[in-house]
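Shown here is one chain on its own, the form predicted alone, set out as structure tokens.
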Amino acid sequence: MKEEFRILSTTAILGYGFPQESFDEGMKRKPDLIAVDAGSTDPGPFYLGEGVSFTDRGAVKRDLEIMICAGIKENIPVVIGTAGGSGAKPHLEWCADIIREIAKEHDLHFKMAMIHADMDKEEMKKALADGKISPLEPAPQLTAENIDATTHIVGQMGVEPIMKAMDSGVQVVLAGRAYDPTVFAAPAIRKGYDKGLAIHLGKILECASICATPGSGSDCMFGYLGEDYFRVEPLSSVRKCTTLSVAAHTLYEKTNPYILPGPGGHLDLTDTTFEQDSENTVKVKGSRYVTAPKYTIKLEGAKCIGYRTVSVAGTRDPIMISKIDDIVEGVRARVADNYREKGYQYTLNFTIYGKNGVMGDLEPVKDAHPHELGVVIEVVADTQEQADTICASARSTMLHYGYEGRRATAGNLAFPFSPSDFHAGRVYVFSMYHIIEVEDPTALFPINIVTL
């Protein structure tokens, strides 16, 4: 019978923080690995496109300082995935600089592997021409023009590049864009543990204590991987794992309750069972990994489509609220007429909070009677100047728009801020959300070994 492989997951995303007490509890359990997922596409395409992190540098440094100092002292490998939030070269270098700073300040000496996840545009265009790239629903077919317009393209690495990096005897692995469970699963698979169970455990650990009750993305979680099972345990006395909380989190971010696709294959959860192992620990069995006929890697890319200006306002006039849809269309038409001769290319959006601001046209409550509404006016145009102009025109038109039954002419909107309009800068969309077929799972992910 194999000894359990022990994994300390610190937080749902590097920089979200965790209690020192929970981390200390995890260290008492003698982990074989300290790991954290550092990124996500959840915050949208801007951070990938712009090459900046959505997490704060000071917060990331605080988390890393605790993890790396403990890992080096106790000779425990530390693995970080999707560095800098999006995992492209600028994100990887940003996170590496923080680690270098920590090493210098604490007089630490260790080897670190940096795994790059950037995709070469010429290689991508060749793969596209060879029929090796296909869209992920509902993404459109990819074009060479879209590849050229994309600022950063990353591939979502599987376990193989991380395993290869660890073969070099490094103590810290800093990976670019990575499939979320891999940083937890790869070291265990490298040691001979079951791939299906390791990836399922990684799927849960990548969100740390979100799988507990009460859930938290800012607290540690501990995983024990055995020969035919794994167990998960929260490290705070205020939380516990239940079969319901762990099973529910297994369904997180999945379109099919039984199948979880990833690089090179998928996780089959058809026969998975959840058992209450102790008051706060759950044991999971039966998860299987199914290898795909062709190894595919998910590609992510973002391109700039213009510049954004935003204005935020509110209204409490019941007459205006009752006519808000007509007013929005009237303002939209007035603005379009004002700038028809200029030929500006822009989008003008009105998001009405209190009516359907969250779900838009999908909002099922059609007859709500709010006493106030929040109005977000958003413009995206080819230049910041044009976006400013259109937003200012829409805001001033709505402010003084005349509608039937209006009693006061001082203004229809209340503005919480002065100035009322904000430059949001460059706007990005996901231009690549596709998969690429590869022969070698490590070929697209070069590894650089550095000594600190």
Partner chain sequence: MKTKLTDITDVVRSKNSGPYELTLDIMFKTFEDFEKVCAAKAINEKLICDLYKITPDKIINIIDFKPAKSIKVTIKRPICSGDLGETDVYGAQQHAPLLDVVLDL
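Positions refer to the first chain, counted from 1. So that the term is clear: the rigid core is the largest set of C-alpha atoms that superpose within 1.5 Å between two forms. Model, not experiment: these values are computed from the prediction.
Although it is not shown, the form predicted in complex with the partner chain is what the next lines describe.
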Checked Thr143, Thr255, Thr291, Gln345 for heavy atoms within 4.5 Å of the partner chain in the predicted complex; positive is Thr255
In the predicted complex, the residue from Pro214, Pro318, Gly360, Gly169 with a non-hydrogen atom within 4.5 Å of the partner chain is Gly360
Check Gly44, Ala139 and Arg308: does every one of them have a heavy atom within 4.5 Å of the partner chain in the predicted complex? yes
Within 4.5 Å, heavy atoms only, one stretch in 346-354, 151-159, 367-375, 113-121 touches the partner chain in the predicted complex. Which? 346-354
At 4.5 Å between heavy atoms, is Thr250 in contact with the partner chain in the predicted complex? yes
Could you tell me if Tyr229 has a non-hydrogen atom within 4.5 Å of the partner chain in the predicted complex? no
Contact label in the predicted complex: Tyr428 to the partner chain, heavy atom within 4.5 Å: yes
Any non-hydrogen atom of Tyr433 within 4.5 angstroms of the partner chain in the predicted complex: yes
Contacts from 267-297 to the partner chain in the predicted complex (any heavy atom within 4.5 Å), listed N to C, are Phe274
Determine, after fitting the two forms on their core, whether Asp367 shows a C-alpha shift of 2 Å or more between this form and the one not shown. yes
Against the rigid core, is the Cα displacement of His249 between this form and the one not shown at least 2 Å? no
